[in-house]
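Read the single chain below, which is given as structure tokens and is the form predicted on its own.
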């Protein structure tokens, strides 16, 4: 547990230094628990998520970095690899392809990449996956865009 605290503290210091370097990711550690983090990530450009700000919740295990963090979307998102109700993310690096070389920041980068390049063949959101698998890009984009507008964009006025 001491090693995981030291690693997380090191990542915390890195995040403080990189705030300006990576404007797409804002990682914040809970004030009272170093094993709980949140992130705000910007939807990638030229995707239906562009212009949206999506909140992620990280639950970091005491065996970190030997075990991956549990990460989920708190912001509703229409994406084949994200469970619509729970926000659970289907991403290999959060499961069987995890490596201690990954950091919370690089996990955020991988999630942004997944947003831009969905994997419809392993869907957690079947409706979204089916639209993409059937070639209905217009349907997928319009649904994803609608949920981005409803859940991830600041309200005007």
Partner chain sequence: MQNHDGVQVDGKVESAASVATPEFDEWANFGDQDIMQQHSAIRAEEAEKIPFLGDKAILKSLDFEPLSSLASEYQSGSAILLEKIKVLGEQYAAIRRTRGDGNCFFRSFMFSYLEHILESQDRSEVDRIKANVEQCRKTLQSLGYADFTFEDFFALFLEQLDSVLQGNEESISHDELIRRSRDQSVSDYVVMFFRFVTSGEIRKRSEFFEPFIFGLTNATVEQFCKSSVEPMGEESDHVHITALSDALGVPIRVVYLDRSSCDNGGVSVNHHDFVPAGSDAPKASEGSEKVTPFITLLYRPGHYDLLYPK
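Everything numeric in this text was worked out from a predicted model, so none of it was measured. Numbering follows the first chain given and starts at 1.
Only in words, not in the display: the form predicted together with its partner chain, which the text now covers.
The chain is drawn here without its partner chain; in the model of the complex, the stretch among 47-55, 96-104, 126-134, 34-42 whose residues come within 4.5 Å of it by any heavy atom is 96-104.
For the options 28, 90, 110, 116, the residue carrying a heavy atom within 4.5 angstroms of its partner chain in the model of the complex is 90. Contact check for residue 14: a non-hydrogen atom falls within 4.5 Å of its partner chain in the model of the complex. None of the heavy atoms of residue 149 is located within 4.5 Å of its partner chain in the model of the complex. Remark: residue 3 counts among the residues lining its partner chain in the model of the complex, judged by a heavy atom distance of 4.5 Å or less. Using a 4.5 angstroms limit between non-hydrogen atoms, residue 10 touches its partner chain in the model of the complex. Residues from 55-70 that approach its partner chain in the model of the complex with a non-hydrogen atom closer than or equal to 4.5 Å are 64, 65, 66, 68, 70, in the order they occur in the chain.
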